[in-house]
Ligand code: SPV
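Given next, in structure tokens, is a single chain: the form predicted on its own.
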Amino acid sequence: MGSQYSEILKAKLDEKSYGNLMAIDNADLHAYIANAIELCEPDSVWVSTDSDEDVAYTRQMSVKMGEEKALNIPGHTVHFDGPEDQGRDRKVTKYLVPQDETLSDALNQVEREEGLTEIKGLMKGSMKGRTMIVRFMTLGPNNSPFSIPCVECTDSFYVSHSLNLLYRLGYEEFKRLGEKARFFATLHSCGKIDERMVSTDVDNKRIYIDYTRDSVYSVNTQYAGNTVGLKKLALRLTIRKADREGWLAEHMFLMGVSGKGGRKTYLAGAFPSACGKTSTAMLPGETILGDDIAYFREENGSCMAANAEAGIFGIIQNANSKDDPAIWEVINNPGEVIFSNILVSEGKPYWLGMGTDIPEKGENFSGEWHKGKKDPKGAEIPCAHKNARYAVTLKALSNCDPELENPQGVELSGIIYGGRDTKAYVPVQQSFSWDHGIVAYGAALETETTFATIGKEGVPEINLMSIQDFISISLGKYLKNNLDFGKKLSKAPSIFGVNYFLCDNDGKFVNGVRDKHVWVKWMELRVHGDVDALESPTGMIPVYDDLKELFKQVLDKEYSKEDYIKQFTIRVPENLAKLERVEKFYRDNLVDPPQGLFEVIGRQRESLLGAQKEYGDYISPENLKAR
């Protein structure tokens, strides 16, 4: 290590932290931390290891510093973000792109040197009077083909505490790898904070991704989606790494679905935020392997999958004892849970849609709250934010899949794509082929913006495979990688599209909230060829008798032919309009469309037009034939 770095580190680290850092034989790591110290100018630096003592210390300090407050149930704490810091902020999240490179116009970006100058200017001296916390974690199971070592430097003990719950401790992995550790790095500072320990300089919030150095900068924000670098920020870096190395990094959950004879079938699913992703991954009676980010690798012709994470940062709105029993158990019993942006009254947490009476007053993200309180624009402030969250380790869940830490991953049998589509797609359908599924369900995934992203809600938009915000290569190259990945597989997963938000002409949902469990069970049967399907212009759909049996088995519910026809009638005009929007999006935004993209769209259009000519605008499933 250069003498200049040694002097910087010794000046800020005590003997124990310096020893812990030097035990990792990686000059690039030492240089990174020294440069972060010079930029942010903390009073001191604490280097955490994987020890129980260090894990406990970061938890204790998050409360002592006031970033979290203890609740009545032992181990439960609450953290508040500022009113303007309640979700991922697309507007100020940008890629740093070198002058001689280009990314798709659909991606938010700034010229690299210009962006570095700006972000470093905002971070200069931002940690004065504070401690820089240095954390070592891994994405994917340790000592595995899926492993990616990561370091995060932050001045927030709340961020450090969140890392404990959401990721695998990685100090020992860094020591094992030494100079071989090619790591991702995140530098975060809360910036200016008020007496509630809330970031206040929201006009200067910035989250910049320097993919040329596998690094992330985040300043003037505390919301975990903007500050926990291993989450969606690192996903952008992982996509580039996967592109270079020939595997896939996806915004997907992983779950194990029980089936006949005690078998377990692993499914992955891509859903934009607030579209049913976590509730699907957490279905009662099934197991959860991950709720957000999955890595796929080809091994002997099979698709092997692993969870990048080890915990859940989940939306808590509408979590209740009936629909979410596993989560409900964890968030109502002693154990380590971090709530964020809920209402606290007399030490108890409350959130929207929890199914109990809400107190008239308490504390929430706006400060002291009472029913009827209004924001500066005159809008009434809800008791809790729609994007309020909970953070918990997966191993705390009774339904955590035992293969979570399997270094080889699990064999994937099915992939699900689902968004918010009130008009067109049926509740569940299976693609005709890998290419058809990737294009017609993945690339054509259309949703409406939700409260999980700052900005206007309810705006329809294409959200490519629910990963569009995070793609750091061209959209065309990302699509091509997915199409090409299927060619490597002799046992390719089946691909399904789901839509929990289809509405009738009166705007009422045609699905029940719990019906998704039936759709998942049908997919599990289809993977193994245990049930037939009907061929529609947009995909293969369930046979009524199979669903009737499943509704009785899974939900103890009678399923009428009337409901079946309402749910699975193919709406030709709406589907044609959807294809027009999808095709226009890709013609406008792709400079490098992969071979087959527009052919798949064209074939689906021809199929819809042919069926329309024969059966009319709305095609009952009773007119379709088995395949």
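Remember, it's a predicted structure, so these values are computed and weren't measured experimentally. One-based numbering along the sequence shown.
Although not depicted, the form predicted in complex with the named molecule is the subject of the following passage.
K.L.:
Since exactly one of D292, E524, D421, D81 fits, which has a heavy atom within 4.5 Å of the named molecule in the model of the complex?
P.N.:
Residue within 4.5 Å of the partner: D292.
K.L.:
Considering K232, R297, R240, K480, which brings a non-hydrogen atom within 4.5 Å of the named molecule in the model of the complex?
P.N.:
Looking at the other structure, the residue within range turns out to be K232.
K.L.:
In the model of the complex, which of 255-263, 114-122, 337-345, 217-225 comes within 4.5 Å of the named molecule (heavy atoms)?
P.N.:
Single hit among the candidates: 217-225.
K.L.:
If the criterion is a non-hydrogen atom within 4.5 angstroms, does every one of R88, S273 and F313 touch the named molecule in the model of the complex?
P.N.:
Judged in the model of the complex, R88, S273 and F313 all sit within 4.5 Å of the named molecule.
K.L.:
If you check in the model of the complex, is R135 within 4.5 Å of the named molecule, heavy atoms only?
P.N.:
It does not: once the named molecule is placed as it appears in the model of the complex, R135 has no heavy atom within 4.5 Å of it.
K.L.:
Taking any heavy atom pair closer than or equal to 4.5 Å as contact, tell me whether R389 reaches the named molecule in the model of the complex.
P.N.:
Yes.
K.L.:
So in the model of the complex, does any heavy atom of H161 sit within 4.5 Å of the named molecule?
P.N.:
Outside the cut-off, so no.
K.L.:
Give a yes/no on whether H251 approaches the named molecule to within 4.5 Å in the model of the complex, heavy atoms considered.
P.N.:
H251 belongs to the contact set for the named molecule.
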